[in-house]
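In structure tokens, one chain follows: the form predicted alone.
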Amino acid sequence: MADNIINVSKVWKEYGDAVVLERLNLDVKEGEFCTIVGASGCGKTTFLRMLLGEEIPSRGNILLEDSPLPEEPTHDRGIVFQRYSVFPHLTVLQNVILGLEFTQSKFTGFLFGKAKRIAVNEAKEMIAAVGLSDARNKLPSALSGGMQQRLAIAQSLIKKPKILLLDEPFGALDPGIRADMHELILSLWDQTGTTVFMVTHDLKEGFSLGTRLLVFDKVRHDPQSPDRYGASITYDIPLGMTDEKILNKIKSTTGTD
């Protein structure tokens, strides 16, 4: 059985008097695909930002492979946003190579000679894996939205992260393109064995993609002070073990589609 790659213990996140997340406890094994759903403003993206290292818990601990999570982003955690985080002045191939150059050459940001040739070959393989071989010399402005998102995924996976964080990566795509992206991300996840956390506003997407569904919601409310209490994980469901009653209950409590 795989070991835990992430351990979240008694984690709170507060901004002044506003409580965003409270009492988070979670163990995730290596290679799991966790989808995260919940009402808007319940801290889903904040949780991803803590896993990435852009935010730190106000209380509690997050461990990565039994060690304290680094308090800044590192190459072992990749992220893909809903808005395409690619460099507009670089070609597809240059965008993907850049991920390797930043990882392998931290001081100059450039590779030369044999190291450069190896990086180019690795980048071409990753570009082929996401179906962009015919577009590798094009600028992002010449790509469709779905192609740009494929590029963003390649950019993250080329660094071989232990954890891939997806923040509503397909929310802006048309349904047909979104279905293609679902197939792509599941194929890449199967090939790489990367642990995935994906935030989505689409409950059906959450059920269909992951191996585990995490529902974030507030269990305590104060009408006089809306920010007094934060969200916690109210459901932690192994997928394939759900039924229509559970689905409808989650919809009614979180307001998700």
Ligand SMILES: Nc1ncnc2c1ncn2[C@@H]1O[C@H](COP(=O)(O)OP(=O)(O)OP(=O)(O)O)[C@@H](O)[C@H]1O
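Numbers follow the displayed sequence, beginning with 1. Computed from a predicted structure; not experimentally measured.
Quick note: we don't show the form predicted together with the ligand, though the next part is all about it.
Here the chain stands by itself, but in the model of the complex one stretch of 202-210, 26-34, 45-53, 58-66, 45-53, has heavy atoms within 4.5 Å of the ligand. At least one heavy atom of Val20 is located within 4.5 Å of the ligand in the model of the complex. Although the partner is absent here, Trp12 sits far enough away that none of its heavy atoms falls within 4.5 Å of the ligand in the model of the complex.
For Gly41, a non-hydrogen atom is located within 4.5 Å of the ligand in the model of the complex, even though that partner is not displayed. Though the partner is left out of this view, Glu101 does not reach within 4.5 Å of the ligand in the model of the complex, counting heavy atoms only. In the model of the complex, just one residue of 162-186 lies within 4.5 Å of the ligand by at least one heavy atom: Glu168.
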